[in-house]
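The same protein chain appears twice below, in two forms, each given on its own as C-alpha cells and labelled structure 1 and structure 2.
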Structure 1
C-alpha cells in the first residue's frame, strides 16, 4: 500500500502549444477567487472595511498557518506527518508544566524543542529507516502524543503560563502580534527554500519519484529524515508559541488542530504552483477560507453554514483550479 503523496500518480498531459497559457490560468485561479471574495465581502459588508477586522482575522489564523506550513515540509518529500498538531500541544504542555515548577523559560523551551526532535526522530526511524507507511506511522505517533499530553498535564488544564511566553506570542511589533510575524517569517523562509534553493527542489524530486531521486544521486534518506526532524522541531516551536498565545494548555485539543492545516495545504497546492505543496499558496488558501468564513459570520450565518462553506470552498477551489488548468488529459503519450 504505502500511502504516498507521489506527485507522479496522474500525469497531467497537455500539448506543447498550450503549455504557457495553461500555467497562468491554473496558477492564479485560487488567488483570483480569493481577491474576488474579498471584494465581494468589502462591497457587501460594511464592517468588513475595518482594518481592525482584517488584522484580527489574520492574527487568529496564525497558529493554523504555522502548522500548515510545517505540514508542507514532509508532504513535499512524499510522506505524511499527521503528528504535528499533537506534538505542538505536547510541547505546549511541557512548557506550561515546567514553568509551573519554576523551570526557567530557556530550559523549558529547550526541553520542548527536544521533545519535538524526539518525535521527529521516531517518525523518521519508522518511516525512513524501517520503511513503514507514513500515514499509519504518524497516526500512531499522533495518538501516542495525545497520551503524552494527558500524562504531563495529569489530564488537567495547565494555566498560569508565565508572562515571558505570553509576551513571546502576543507582544506586537508595529501593531502586528509576534505570532503572526513568526508565521510570515516562516512563509518567507519556506518560500525561499522551496522556490530558490536546491534543497527545495530536492524535496520535490524525492516526493515526485523517490527512485529517480536516488538514481540522481540525492541523499534521499538523509533529506527525508531531515524533513521529519525539522517538522518535529517546528511543531514544538509552535507549541511554545501556543502556550504563550493562549496562556493555558488544555491537553485534549490536539485533535482539533489536525485537519484544518492539511485542508489549507492541499488547497494551497492548487494555487501559485499547481500540484506542489508550497508556502505562499498555503497562506493564500488559509486567508481565502478565513475571509469567506468571517464574511459569513458577519452576515449572521449559523454554525452549519460555516462548515458547509468551508467544505464546499475546498471542493470548489480545487475543482476550479483543476478545470482552469485542463485542456487535454488522457492516457499515455
Structure 2
C-alpha cells in the first residue's frame, strides 16, 4: 500500500518542483540580466570601472526613481497618473519663484505641497467620482500643469534657488547625497506598505478586479482617491527636491521625465513580485536601464539613442508585464 502511495505522489511532486523553478527564474530573471549587463560593461568598457561613474549613475537617477515609485501608487489600483512629472516641475517652479521673492522656505514648501494635493484632488474627482478615463484625465492635468509652469516662471528658467533647498537635496550623509537617500527610503516605505500591510493587498486587489474588491467590502473609491492624493503630494515633494538638486527650474523639462519612470515601473513588474507593480522591482529595473544607457553613451552612441532605448524598453516592459500578469492570474485561478 505504501508503494502505491509513493507511485501516485511522484507525478505531482515533479510538476510542483518545475513550477517552483520557473517561478524563481521569473522572479530573479531581471536581476540576473542586470548583473550580467553590468559585468559585460565592466569587461568591455574600461571607463566603466570607476567608482565615481557608478555613484554618478546612482545619484543622477534618484529623481527618476522617486517619480517611478510614486507612479506605482496609482498603478496598483488599476489607474494611471501621468501628471506626476509635470506636477513635480510645477511645484519646483513655485518653490523657486516664491523663494526668489523672499518667501520663507517653510511657506514655499507648504504651498508647493498644496499644489500637489490640489492636482491629486482634481484627478481623483474626475477619475473616481465622475468616472473619466484616468489616462485621458491625467494627460490633461499634465498639459495644464505645463501651462501653469510657464505662467509661474514667466516662460524663463528660474535660477538662483536659495541654499536651503540646495542643501536639502545635495547635502550628504555618510557620503551619500540626500536626494539618493530620499529615493531609497521611499523604496523601503513602499516595500513595507505593499508587502506587509493590508492596504498593500487592498490596492493590488482593487487593481486586479475592482468589482470583486467592492463586493468583498473594500472601500474602493476611498482607496483610489487616497492613492491620487498621495501621488500628488509626493510629486510636489519631488519638485522641492528637484529645485534644490538642480538649483534652477526650467519650465519645459516636464516631458523629459514622463516616460522614463513608467518604463522602470512596468519593467519592474516583471521582477521579484511578478505581475505586480512593486518598489524593489522598480529599483532594479531603473538601475538596469541606467547601466544600459550609460554603456551605450560610453561607447559613443548619439544622444537620440537614449530616447530610442527608453521607448523600446517601455514597449517591451509593458508587454512583459502584461504577459506576467496573465500567468499570475492563471496561476491563481
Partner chain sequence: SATGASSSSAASSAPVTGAAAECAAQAKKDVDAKREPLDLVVPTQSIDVGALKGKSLWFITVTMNQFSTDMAVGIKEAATAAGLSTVLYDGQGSANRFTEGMNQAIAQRAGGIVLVGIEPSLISAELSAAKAAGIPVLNTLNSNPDEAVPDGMFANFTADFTADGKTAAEWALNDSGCSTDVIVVKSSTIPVWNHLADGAVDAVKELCPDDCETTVLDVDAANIATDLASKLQTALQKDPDVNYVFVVWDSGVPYAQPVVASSGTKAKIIARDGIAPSLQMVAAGTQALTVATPPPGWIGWAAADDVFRAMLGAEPSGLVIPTRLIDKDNVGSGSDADVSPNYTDYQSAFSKLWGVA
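Treat the numbers as computed from the prediction; the structure is a model and nothing was measured. Numbering follows the first chain given and starts at 1. Between two forms, the rigid core is the largest collection of C-alphas that superpose within 1.5 Å.
- Form selected (criterion: the form predicted alone): Pick structure 2; the other is not the form predicted alone.
- Task: For residue 296, state whether the C-alpha moves by 2 Å or more between the two structures after rigid core superposition.
- Result: After core superposition, the displacement of the residue 296 C-alpha between the two structures reaches the 2 Å mark, so yes.
- Message: For a quick test of reading the superposition: does residue 48 move by 2 Å or more at the CA between the two structures, rigid core aligned?
- Response: Yes, the C-alpha position differs by at least 2 Å between the two structures.
- Any CA movement of 2 Å or more for residue 306 between the two structures, core superposed? Residue 306 C-alpha, core-superposed: shift of 2 Å or more.
- Task: After lining up the core, report the Cα displacement of residue 315 between the two structures in Å, one decimal place.
- Result: Its alpha carbon moves by 6.2 Å.
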